[in-house]
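Starting off, we have a lone chain in the form predicted alone, written out as structure tokens.
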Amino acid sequence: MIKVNELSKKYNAENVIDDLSFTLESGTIYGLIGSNGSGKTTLIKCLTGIYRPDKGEVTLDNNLIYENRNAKREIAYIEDTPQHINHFTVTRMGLYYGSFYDDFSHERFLELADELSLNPKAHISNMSLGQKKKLSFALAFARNAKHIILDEPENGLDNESRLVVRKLIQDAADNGASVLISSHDLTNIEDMCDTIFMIDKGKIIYTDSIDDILENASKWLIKATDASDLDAYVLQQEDDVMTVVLLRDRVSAREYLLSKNTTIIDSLKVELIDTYMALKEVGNNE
């Protein structure tokens, strides 16, 4: 279990991460979502032991992660922009990477490279971003890491490779790993994750299971003369017809809208992006 306790990190005397506390449990896939500058990358760097917290702590099984080589060996981390040794071949990169981890299987690495359509003899300097990202996955998932942290994992991947990667992530969680995925693509997060952390201005503004988040929000096409009187996030508006998101379940939202003398035109499917925007714009102002 990775535990974050009252974690803060500053740049230029300003908190980028502000007093965060949460845990990453085994066998669960977590999604970390937030806009640019919300603190996602800084949080990930603290979780992986790259950055030293200014306040609070990050522990893995009660051991501090920062400057703890043994704790870091329990984590597989894939960055948004892959960092490999350009003059190495795929095979040599596997041998080099595996020399740092006792749980690395070179045989499994070559199997994954084949699944992801990587040529073992290819030089990294000649590979595209997508190919380098696939190499990162082959390296990370050739291990038996207890904790997996992924920053924008599907950037640069083709559709076929995305399916392979999603299965790797799910299999890892099914085998007891905790997985944290940071992404701007909320559709992919919605499809893959069990629990969501929504972060804004260095603070977690909301966390819950995907199912509960979507059950406790609703989206509507309505007709109303004044949207300012509604406790809702307006997605789109043309004259007096608007699409709104309410942080209420469908039944109570319908009752609320009717009590506000609105005309309900249609009930729409609510998605994670809708809920995130409503929580960010409306939830913070409650």
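Residue numbers here begin at 1 and follow the sequence given. If you're wondering where the values come from, they're calculated on a predicted model, not measured in any experiment.
One more form of this protein should be noted, the form predicted together with ligand ADP, which is absent from this view; the next part is about it.
Of the residues S35, Q237, N261, S252, just one reaches ligand ADP in the model of the complex with a heavy atom at 4.5 Å or closer; this is S35.
Checked against ligand ADP in the model of the complex, the candidates V270, V16, L24, A278 yield a single residue with a heavy atom inside 4.5 Å, and that residue is V16.
Within 4.5 Å of any heavy atom of ligand ADP in the model of the complex lies no heavy atom of P53. Although the partner is absent from this view, T28 stays clear of ligand ADP in the model of the complex, with no non-hydrogen atom inside 4.5 angstroms. Proximity of T42 to ligand ADP in the model of the complex: non-hydrogen atoms within 4.5 Å are present. Within 4.5 angstroms of ligand ADP in the model of the complex, the stretch 1 to 29 places a non-hydrogen atom from each of Y11, N12, V16, taken in sequence order.
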